[in-house]
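What follows is a single chain, given as structure tokens, in the form predicted on its own.
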């Protein structure tokens, strides 16, 4: 197969998987299958870098953004981590870094807590803002909830400007005591911790036994990572004592033992011995960890190694095997999504894994079932990938009475339409399929979309069954007064429905667009469209009519796959009619005009690359933000299109390339002058 075509095919699958996992919170493949494809694409891109798409799925970061809370941009880098599952992989990673630089390589190993990531921003030593990780660029503001966590200092002993990244978690023992009060309502500590951060009432959050460990600090300093952890401890942040430092400098190791009592130290060749030993001991911990994180200690070496748009090159996660159990496959249910994709779901004899009861697991598609040779009645091995997502891993024993392999039925159980096979999946192509319509409407009104809270799933099913509504626009046109007299509908409830439907008309354009649930077009894609001038349905429709993919694929964050999705949607008569009907209903069809930034656009049209370390721009994302506010664009690679290189100490190969290409090189002092009006 042509390499370029192979890249496009894998990218298309990964983009779809990312969309379902991060945007819809509805994963359609196991972590194992996703990681296999992701790693395969990474390998191909390494061998053929010239064919790497600028918006490759390997450059994207997942999102946990929630529309319930305000959003704010991070001023520090909040990326995901690359991962390895074998000791051999970790050893190769360490050897590659140690051999690839003239700088002394030291490493820190930390526990990867299974909780909720948080970034704390302090101004002059006072907690100003707390943000969730979000999509790595923006996070949800949860400051009031974070203030209730006793371990987090509200005022620091120094008047320092600092950003601190950490993990909020619940100890196992405290979770058990807390959960008993609520009759074991909560499935596991991680879900309770993450859910508590998004509770609308901070008084309730105050009653949840939340804890926090700080593991990164961003402020003006020239120190290594383990020294920063020592500083964080001195600033009254809780720092996990279970960490290890590996270096060839015995004096440095002895010094850090004094500053961080309990730290394990050793030579670099002992890293994986520590990892193996700590892995065996993890069940003895009073909190959940799903791996260990290995980081380069030196900040200068981190700067040299840099980062991708997905993960830093100076850190990697060693992931543990997923918890597993055995059970019986009792049945397979067929689900049809709002876009017609068919999902077989395993109905299991309930079994406990990692503190929660698992009774269902996705089976992805017929190919996955065939690979497993899976049939109803089989005894199977179940895992929780990433300790979260249930997955059927293998058949342990076939059912003696009927050792057959399950086959997905040929027609839709909801409308009788023949399924169409497209790639690995089956689809119901009937746009009027009652199940597709139901799921589309439920998605449209849900929290995080139009948020019409009076129209829950059961109410939607009732309205459909009684014929009050048949499509999304009917929500805004059906006569709510006719509900009076129906069982469960009294005047107050009907008034609440009327009010919430009317209030939803005030949702902004981005919310309306996302709520339509067009495949491949989630919150991030909509935001990118608006930022790049496609701030109304009319503009998008007009561009889509040309059929020119490059009008959209050139948008940062898009690429050919998303562009094709968009053109396909805006060439569909049914979808265009849906948009027109919602316009008639009074929903917002264009984004509000943005105010011009205060800063003069002095860098408009410029393309910058930032390399090296800086006194006033640590991390470098602070400098990038200043450039972008003034109309410039920041990229990671020096090319003939680069106009400026902002270079600090340790600039390395990027500086050499910029000099060869005669690109304008700016030092920190000159850059600061350029920022002044």
Ligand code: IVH
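Residue numbers count along the first chain shown, from 1. Quick caveat, the model's predicted, so the values are computed rather than measured.
The same protein also exists as the form predicted together with the ligand; that form is not shown, yet it is the one meant from here on.
A.B. asks: Pick from 569, 133, 436, 341: which has a non-hydrogen atom within 4.5 Å of the ligand in the model of the complex?
C.D. replies: The residue from 569, 133, 436, 341 that makes the contact is 133.
A.B. asks: Taking 4.5 Å between heavy atoms as the contact cutoff, choose which of 579, 442, 293, 245 touches the ligand in the model of the complex.
C.D. replies: Exactly one listed residue reaches within 4.5 Å, namely 293.
A.B. asks: Please identify, from 162-170, 486-494, 204-212, 419-427, the stretch that has a heavy atom within 4.5 Å of the ligand in the model of the complex.
C.D. replies: Only one stretch qualifies here: 162-170.
A.B. asks: Counting only non-hydrogen atoms and a 4.5 angstroms cut-off, does residue 454 reach the ligand in the model of the complex?
C.D. replies: No, no contact at 4.5 Å.
A.B. asks: Taking the ligand as it sits in the model of the complex, is residue 607 in contact with it (heavy atom to heavy atom, 4.5 Å or less)?
C.D. replies: Answer no; every heavy atom of residue 607 is more than 4.5 Å from the ligand in the model of the complex.
A.B. asks: Going by a heavy atom distance of 4.5 Å, is residue 117 a contact of the ligand in the model of the complex?
C.D. replies: It does: once the ligand is placed as it appears in the model of the complex, residue 117 has a heavy atom within 4.5 Å of it.
A.B. asks: Would you check, heavy atoms only and a 4.5 Å threshold, whether residue 266 touches the ligand in the model of the complex?
C.D. replies: Heavy-atom contact with the ligand at 4.5 Å: absent for residue 266.
A.B. asks: Judged by heavy atom distances of 4.5 Å or less, which residues of 657-674 approach the ligand in the model of the complex?
C.D. replies: None of them.
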